[in-house]
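Let's start with one chain on its own, the form predicted alone, as structure tokens.
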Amino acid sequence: MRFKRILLKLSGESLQGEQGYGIDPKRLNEYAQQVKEIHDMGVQVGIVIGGGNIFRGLQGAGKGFDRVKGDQMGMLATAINSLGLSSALGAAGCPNRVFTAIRMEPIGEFYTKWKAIEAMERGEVVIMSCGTGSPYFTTDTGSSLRGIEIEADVMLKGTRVDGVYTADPEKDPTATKYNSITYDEVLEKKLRVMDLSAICMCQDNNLPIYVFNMDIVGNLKKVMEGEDIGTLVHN
């Protein structure tokens, strides 16, 4: 097995599936089955999920929302997605626990590093919602922070593209994929793997990022088994 403990970063927007909004039950269940598959292999799994399918604070700020309130709305969106994923995992027979970075018991337990690690060591999938709990930070930065805190071996960034490209493959047909790239190259070439603060945190704390396409069922297990289906970003 490639990694013992992972931080899986999921895109809220991917949860829309083919609906184009909200949570697509089919996509949600596919994600839950993929997570259960690697959990059953003995992998300790921490998950951070975005909220872009419901509300994105930065876009809200562009439409006249107060930025802090907009970001707080985004945090609540991640809590909704986390509860959805928790429910789907439970239905699949996969034990899990939702933590929140802002107090909202009984929706979730208030996050601490030690509680999260204890839960993973007990065999529970840990879902960490509400980003960092502070405005002006994205869920990318939230996932970097949580990955470093829970001492994950890697951050697996599940997206709708199969890795990091020289340019946006959805816009530029000549874009080519990297199998492996350093943080310095990502910063120098201004490649949009994650936002800048997230990249710098991972670089400073030596947390590698593996970018792959999570929307293809079975890919998460392939990553864990060592198949090169994505891009490794490292020091």
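Bear in mind the structure is a predicted one, so any value in this text is a computation, not a measurement. A residue's number is simply how far along the shown sequence it sits, counting from 1.
The same protein also exists as the form predicted together with uridine-5'-diphosphate (UDP); that form is not shown, yet it is the one meant from here on.
> Is residue 74 close enough to uridine-5'-diphosphate (UDP) in the predicted complex to count, meaning some heavy atom within 4.5 Å?
Replying inline: Contact with uridine-5'-diphosphate (UDP), yes.
>> Taking uridine-5'-diphosphate (UDP) as it sits in the predicted complex, is residue 36 near enough to touch it, meaning that at least one heavy atom pair lies within 4.5 angstroms?
In response: Residue 36: no contact with uridine-5'-diphosphate (UDP) in the predicted complex.
> Counting only non-hydrogen atoms and a 4.5 angstroms cut-off, does residue 56 reach uridine-5'-diphosphate (UDP) in the predicted complex?
Replying inline: Result yes; residue 56 sits at the interface with uridine-5'-diphosphate (UDP) in the predicted complex.
> Is there a heavy atom of residue 219 lying 4.5 Å or less from a heavy atom of uridine-5'-diphosphate (UDP) in the predicted complex?
Replying inline: Residue-level check for residue 219: no, no contact with uridine-5'-diphosphate (UDP).
>> Within 4.5 Å, heavy atoms only, one stretch in 110 to 118, 134 to 142, 160 to 168, 85 to 93 touches uridine-5'-diphosphate (UDP) in the predicted complex. Which?
In response: Selected range: 134 to 142.
> Among the candidate residues 24, 227, 215, 13, which is the single one with a non-hydrogen atom no more than 4.5 Å from uridine-5'-diphosphate (UDP) in the predicted complex?
Replying inline: It is 13 that has a heavy atom within 4.5 Å of the partner.
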